[in-house]
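Next up: just one chain, as structure tokens, the form predicted alone.
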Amino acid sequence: MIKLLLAEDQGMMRGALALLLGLEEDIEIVAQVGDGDAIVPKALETKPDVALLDIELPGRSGLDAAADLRARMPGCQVLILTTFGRPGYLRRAMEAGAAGFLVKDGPVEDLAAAIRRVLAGERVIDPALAAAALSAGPNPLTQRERDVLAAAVDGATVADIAAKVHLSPATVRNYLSAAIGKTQTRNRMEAVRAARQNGWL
């Protein structure tokens, strides 16, 4: 039996996935979680073979949890399943050690097959997303630029951003300016939007 941990914040979707995957003869759902902070503790407790993670979760993102999970449980394969098929997300998932990346609009049979394939050591990536990621190129933003943009998401002032990321206001302005230039936008809110659309945040 393949032991599976399922992380999805939408209760109905999580329940439907658990029900459908539970119908597979060789898959057993050993844990279901609704937020990113619960992924690693639940995985350490239940010892899944595969962790099926959504990206956008309350608490930690599925991408952040994937990196920690791979470091703490290297035998557990991570498969990202998301609504957001953004090239930047795919790159970040691969950097975090994920073995697969699929979007939610595929058939459940493909998902079950992908679970078996990542457990067998294969990489499973949505073909359309792989092509888009190759054409999009790498993320041009540094980690600090991403941190500053992430802190600016809700329209925070430069002073608020500086306090949140523990930098001076002048340094924050420099990072914002660099991010605006790299995203080829006119202001920080457009830069945030562009970075999100590309999966860089």
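Start at 1 and count along the sequence shown; that's the residue number. The model shown is predicted, which means the values in this text are computed figures rather than measured ones. For the two forms, the rigid core is made up of the largest set of C-alpha atoms that agree within 1.5 Å on superposition.
This protein has a second form, the form predicted together with the DNA, left out of what is shown; the following refers to that one.
When contacts are judged by a 4.5 Å heavy atom cut-off, V158 counts as touching the DNA in the predicted bound form. The closest heavy atom approach of A38 to the DNA in the predicted bound form falls outside 4.5 Å. Contact check for Q10: no non-hydrogen atom falls within 4.5 Å of the DNA in the predicted bound form. For T171, a non-hydrogen atom is located within 4.5 Å of the DNA in the predicted bound form, even though that partner is not displayed. None of A151, A67, V30, L167 but one reaches within 4.5 angstroms of the DNA in the predicted bound form through a heavy atom, and that residue is L167. Taking a 4.5 Å heavy atom cutoff to the DNA in the predicted bound form, none of the residues in 27 to 49 make contact. Superposition of the core reveals a Cα shift of less than 2 Å for Q10 between the shown form and the other one. Remark: with the core as the superposition reference, the CA shift of A151 between the shown form and the other one reaches 2 Å or more. L21: CA moves less than 2 Å between the shown form and the other one after rigid-core fitting.
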